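This document starts with one chain, in the form predicted alone, laid out as structure tokens.
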């Protein structure tokens, strides 16, 4: 086995400004009790990473300067901390980025993803735009058998999509996906795979991603030239969708999402609204008797179970959503590409 270095170069948020990343030297960490050391294979660029790059209000409040970011990742276990019996060196793992205490009331009730004492890997503490990282062993999820290792890093965003969808009915339901970033694209694909009768995909003017949504199974694709609310009602016999999922972070999209959901329907919101508070048409929520739910991360571990079943069956077309692979040295270019929207998921690869 190759001897591990004592230091590494990692992309670090170092300046209080847009961009503000540098490739900085850090010690290679050692796993503590209950932790594993992972050698990174790939880390993908997330919408959260774009918020951190833009350095919006949410990012300034949550990300300490000097943090190595990156949380959508996979790698090989190379060392075990004391007490770890669930993993072995050589295991290929993907990471659940929500770090829970496992002893608060939220954890006890099965909501460890919103642990009262929780933090987020790659946001509140060092993450995976680095060649090595440490993580609690429970957060290092073994990769499903048969999954291409090159696809393993996308389980975080795919899990987000599935958790959002399952906030309401999917099988036999009409589903609207508002916002066609990579998570929205995964949601289109997953909704079809999970038995939705009709999937309506909504963006603004990103024709690249709208075409991707069609190729992933969207039955209707809407954009800036459409009256979104009227078009959704027309496509659902005047009722509105059973299950509306908001991924865009646009206040206008949130309003459309609420107004185009059927009476007693479900509105599930994953988006981060980076600057200010969106106006929410609350009278629509009240008089339409809507189930309005915020979605954060993935259910630990039921979302992972559903996701692993879909991946193991080949029901998710990862190759279509994963449009660009770049070396980790191209971090700045990868973030710029992701912000342009001329892509699906962008993944940064580390040297073997």
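Numbering follows the first chain given and starts at 1. Nothing here was measured: the structure is a model prediction, and the numbers come from that model.
FYI, the form predicted in complex with a small molecule isn't displayed, but the following is about it.
Using a 4.5 Å heavy atom cut-off, state whether residue 183 contacts the small molecule in the model of the complex.
-> Result yes; residue 183 sits at the interface with the small molecule in the model of the complex.
Is residue 271 one of the residues lying within 4.5 Å of the small molecule in the model of the complex, judged by heavy atom distances?
-> Yes, residue 271 sits close enough to the small molecule in the model of the complex that at least one of its heavy atoms falls within 4.5 Å.
Indicate whether residue 233 is a 4.5 Å heavy atom neighbour of the small molecule in the model of the complex.
-> Outside the cut-off, so no.
Consider residue 250 of the chain shown here, and say whether it contacts the small molecule in the model of the complex, taking contact as heavy atoms within 4.5 Å.
-> Yes.
Among 61 to 69, 304 to 312, 291 to 299, 34 to 42, which stretch sits within 4.5 Å of the small molecule in the model of the complex, heavy atoms only?
-> Flagged stretch: 291 to 299.
Residue among 227, 205, 108, 148 with a heavy atom within 4.5 Å of the small molecule in the model of the complex = So the residue touching the small molecule in the model of the complex, by this definition, is 205.
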